[in-house]
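Just one chain is shown here, as structure tokens, and it is the form predicted on its own.
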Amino acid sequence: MAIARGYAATDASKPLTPFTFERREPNDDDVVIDIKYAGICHSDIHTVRNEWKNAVYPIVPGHEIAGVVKAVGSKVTKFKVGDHVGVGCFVDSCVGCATRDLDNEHYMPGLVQTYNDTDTLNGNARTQGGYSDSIVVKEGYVLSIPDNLPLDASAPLLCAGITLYSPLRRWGAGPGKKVAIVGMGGLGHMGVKLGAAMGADVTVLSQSLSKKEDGLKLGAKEYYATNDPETFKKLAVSFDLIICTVSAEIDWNAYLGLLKPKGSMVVVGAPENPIPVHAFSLIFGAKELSGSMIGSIKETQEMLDFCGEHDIVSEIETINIQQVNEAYERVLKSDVRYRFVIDMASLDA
């Protein structure tokens, strides 16, 4: 087995520290990837701090992985050495289930997450993620990153990008549609870029106007502060689609009041507490409250190709791996515009 280097969490209350571990030997259908960059997702923080009560330590986080193919198995046909590739939130799924659906595989049983999960291909060892120098992944779960996109700013597309692309596509964002993005963070700013590129009329609903200039520059036509009660009066019954990217407590009924009849509000953030919604907020207007989670491999590749065609990447701040713990604290303070990306070459520093 190959030795990999990275940073891991060994306890919910301790900082991430240098960690050496084994990657499995590649099979005939595997791709070996030199990881160049890894994005920091808020779910990384939730996981390593055991806020979702599912952590099994040690954990090497990271599911926004961008790198270069180092080697391929004899049966690999889609990739060759030197290709720019990515790995997202999962690295395997059930291939024999009666319910298998390649368009919705991320919602099906048998999904194997990129980290903090059971690696059935490696003797049920734990999967370890992208805060490391290399990874071995089955060909079918490796994604092609268009050559015109920089690898560092492409890394967040593997989670933040697909998390917004999927609901925008599913709920028909495009010309003639008014779309509101709630929150202007790592997820929200991707919603602005992608929604605008699809031709939708995009509005940002953020707690304050502190990022208004950025929002308008990235493609939003309007930008409103939700801490102003007049916002909800002015924008009542305005939107075909609202995508909520925040995990903070909000007045769900007030936001549903911003939808047009038969409009949809889609949740991609993960609030800690149950969502309180009055039935009449949905009944009057035949409105819809739904959820969405990442996307299938097929849809993620579609997203990457779309981003390549429109020159869309994430707005990033690149850091060295030694700054990861500081970056976590800054994420919690919303002190990043808009996604931290770790330069894995810094492991050699």
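Remember, predicted model here, so these are calculated numbers, not experimental data. In this text, residue numbers run from 1 along the sequence as written.
There is another form of the same protein, the form predicted in complex with a small molecule; it is not shown, and what comes next is about it.
With the partner omitted here, the residue from 36, 46, 287, 70 that has a non-hydrogen atom within 4.5 angstroms of the small molecule in the predicted complex is 46. 207 is the sole member of 231, 207, 93, 118 with a non-hydrogen atom within 4.5 Å of the small molecule in the predicted complex. When contacts are judged by a 4.5 Å heavy atom cut-off, residue 193 does not count as touching the small molecule in the predicted complex. At the 4.5 Å threshold, heavy atoms of residue 174 stay clear of the small molecule in the predicted complex, well away from it. Of the heavy atoms in residue 140, none are within 4.5 Å of the small molecule in the predicted complex. For residue 129, no non-hydrogen atom is located within 4.5 Å of the small molecule in the predicted complex, even though that partner is not displayed. Between 121-129, 248-256, 147-155, 275-283, the stretch whose residues reach within 4.5 angstroms of the small molecule in the predicted complex through a non-hydrogen atom is 248-256. By the 4.5 Å heavy atom rule, the three marked residues 52, 187 and 331 all count as contacting the small molecule in the predicted complex.
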